[in-house]
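Take a look at this single chain, the form predicted alone, given in structure tokens.
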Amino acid sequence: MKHCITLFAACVLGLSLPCIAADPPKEPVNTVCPISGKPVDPACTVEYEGRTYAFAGDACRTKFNEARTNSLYQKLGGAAAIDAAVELFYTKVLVDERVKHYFDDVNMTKQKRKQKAFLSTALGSPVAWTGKDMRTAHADITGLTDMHFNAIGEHLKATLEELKISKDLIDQVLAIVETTRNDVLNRPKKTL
């Protein structure tokens, strides 16, 4: 009972409490703190989109939560929004004469799953991308040009507009996508 009163008082007063497990936490997906790189305290966790993340301490957990709140991924609506966007995006891509032939022999269920995972990571999800980098993934695709890249960008923009995403957020998404242009088109890497 004392534990419940302390948690209630902390919520009412806006106090920060040390990591306390009210219920036994679900098994964390990590053993190393994603913020500090130190071993985790299994009682210091947060659940985010069905996964439990553990942290070295409350300050790390707070930073993680702030990063989630401030991420473009979360501002767009998280996993549900990315899922909806990718599904709608491919309905546009697969009827576009400029690019649809690139998907003729592609398992679209697998492609959509990979696209959702890639976009999620690129836009700020805490789940790391484990697939190929953009250059490797597109290395064997011949004939890709700026016209093809631009067509994909047009469809992504139209998708986000259709989903009523604000112009500011669309611009941020397109800026991130633009950073992949040289890799997707297999252009030489720029050196400094």
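Residue numbers run from 1 along the displayed sequence. Keep in mind the model is a prediction, meaning the values are calculated, not measured.
What follows is about the form predicted in complex with a small molecule, which we do not show.
Identify, from the list 43, 158, 59, 141, the residue with a heavy atom within 4.5 Å of the small molecule in the predicted complex. None of the other options qualify; the answer is 141.
Suppose contact means a heavy atom within 4.5 Å; in the predicted complex, does that hold for all of 99, 102 and 106 with the small molecule? The answer is yes; 99, 102 and 106 each reach the small molecule.
So in the predicted complex, is the small molecule close enough to residue 111 to count as touching (4.5 Å, heavy atoms)? Residue 111: yes, in contact with the small molecule in the predicted complex.
Please determine whether residue 149 contacts the small molecule in the predicted complex, using a 4.5 Å cut-off between heavy atoms. So residue 149 counts as contacting the small molecule.
Report whether the minimum heavy atom distance between residue 71 and the small molecule in the predicted complex is within 4.5 Å. Flag for residue 71 set to no.
In the predicted complex, does residue 184 have a heavy atom within 4.5 Å of the small molecule? Judged by the heavy-atom cut-off of 4.5 Å, residue 184 is in contact with the small molecule in the predicted complex.
Tell me which stretch of 43-51, 160-168, 61-69, 131-139 has a heavy atom within 4.5 angstroms of the small molecule in the predicted complex. Result of the contact check: 131-139.
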